[in-house]
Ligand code: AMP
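Given as structure tokens, the chain that follows is alone and in the form predicted on its own.
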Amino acid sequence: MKLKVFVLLIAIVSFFSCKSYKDVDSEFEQPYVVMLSMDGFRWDYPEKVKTPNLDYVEEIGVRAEASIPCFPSKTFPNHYSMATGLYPDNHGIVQNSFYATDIGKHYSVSNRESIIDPDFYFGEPIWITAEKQGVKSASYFWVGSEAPHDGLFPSYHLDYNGAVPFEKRIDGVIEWLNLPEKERPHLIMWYIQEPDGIGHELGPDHFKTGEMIVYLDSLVGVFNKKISELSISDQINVIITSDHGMGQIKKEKTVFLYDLLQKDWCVNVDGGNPVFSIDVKEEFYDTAYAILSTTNNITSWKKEEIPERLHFGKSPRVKDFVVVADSSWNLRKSSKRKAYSGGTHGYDNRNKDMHAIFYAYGPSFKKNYQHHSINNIDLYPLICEILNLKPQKVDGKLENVIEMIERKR
């Protein structure tokens, strides 16, 4: 009897010793998420021109009707919302440019000193959530990744340089994925600043904007092919999305703030076309609001009266009044600055022109699955779910996106 037990034990040991390292470790393999944001890629651009590579992603993965930005539908607030799962009210980046009264500092997308200052950023971005839980991360130009959070950065990050060719960015991401396993990031966030630039210049309906969409789609094809050639391709989940859409404007349809309010009434005027946040001197408060609230082609709110659906106005960085132009209208500070035709964004986020794309594929996603519109704050809990990370308490909700996951945990 003892001999039989001994033989059985030897057989069991031999069975496990013959299994490869990959077989033994497969259930513990950490998935990958690679998320690309193409700035200003409106939800319906793929219906305006041919995008065979995005169409292919739709076939092999998930396409949501749209990704809905937070208000204001601007670049920096929304990229940081995508990273943190928080509304701008809660993560602190309330505009592309603003004066933070709580810390007495100015923030601007063109001011390097403010970009790297951790005092401006609240919440915990997904790359820090990953790093704290032992998952290496990387950022190729994602908003907020150049500032430390709790003294931490992504394992790999680069200072923003818009001159870096998009093809080189693809190669940089692939290089990270080719690193030895112990050095390799399992979360990569990367960014392309088009079609936002050409959308602003020429508008969303211009044929050259369409040409840019075709070019960007070709880059998606190049990227997908390079991903497919990796030895770990079957472990990689790819998300392709954007921060906001783009609306058509004409210079003839412009309201100038300083034609309505005298400049010396204003203490701070934050933001840019078509949305501003304004502090005025106390003695001009009622007069200013009376003028703003009765002016055609703009909508104005007192800070405390901003609609709840916008989740905006509780931050001390939001000023006395928030003013946003009606769809297709410009709102600019002064007539001394030339009005222009083309495109812009920042409008109320129920304006569908502000909505962005969302595509995803990989082992964690269903195939050929059409999903309803999502909120971009839901990306944080979605990525945490895929990477088996414990999420922070955020505004986004996993329940809003869980149906696109292949196997619910």
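From 1 onward, residues are counted along the sequence shown. As the structure is a prediction and not an experimental result, all values here were calculated from the model.
The next section is about a form of this same protein that is not shown, the form predicted in complex with adenosine monophosphate (AMP).
Asks: Is Val143 close enough to touch adenosine monophosphate (AMP) in the predicted complex, meaning at least one heavy atom pair within 4.5 Å?
Replies: Within the cut-off, so yes.
Asks: Contact with adenosine monophosphate (AMP) in the predicted complex for His200, defined as at least one heavy atom pair within 4.5 Å: yes or no?
Replies: Judged by the heavy-atom cut-off of 4.5 Å, His200 is in contact with adenosine monophosphate (AMP) in the predicted complex.
Asks: Can you check whether Gln193 is within 4.5 Å of adenosine monophosphate (AMP) in the predicted complex, heavy atom basis?
Replies: Residue-level check for Gln193: yes, a contact with adenosine monophosphate (AMP).
Asks: Flag Ile115 as yes or no: does it have a non-hydrogen atom within 4.5 angstroms of any non-hydrogen atom of adenosine monophosphate (AMP) in the predicted complex?
Replies: Because a heavy atom of Ile115 falls inside 4.5 Å of adenosine monophosphate (AMP) in the predicted complex, the answer is yes.
Asks: Which of these residues, Asn96, Asn224, Asn90, Asn237, gets a heavy atom within 4.5 Å of adenosine monophosphate (AMP) in the predicted complex?
Replies: Looking at Asn96, Asn224, Asn90, Asn237 one by one, just Asn96 meets the 4.5 Å heavy-atom criterion.
Asks: To verify the annotation, which of these, Phe76, Trp301, Trp265, Trp176, has a non-hydrogen atom within 4.5 Å of adenosine monophosphate (AMP) in the predicted complex?
Replies: By the 4.5 Å criterion, the partner-contacting residue is Phe76.
Asks: Decide if the three candidate residues Trp127, His186 and Val394 all line adenosine monophosphate (AMP) in the predicted complex, where lining means a heavy atom within 4.5 Å.
Replies: So, no: the whole triplet misses adenosine monophosphate (AMP).
Asks: Want to guess which of 135 to 143, 249 to 257, 212 to 220, 305 to 313 is within 4.5 Å of adenosine monophosphate (AMP) in the predicted complex, heavy atoms only?
Replies: Going by heavy atoms within 4.5 Å, the stretch is 135 to 143.
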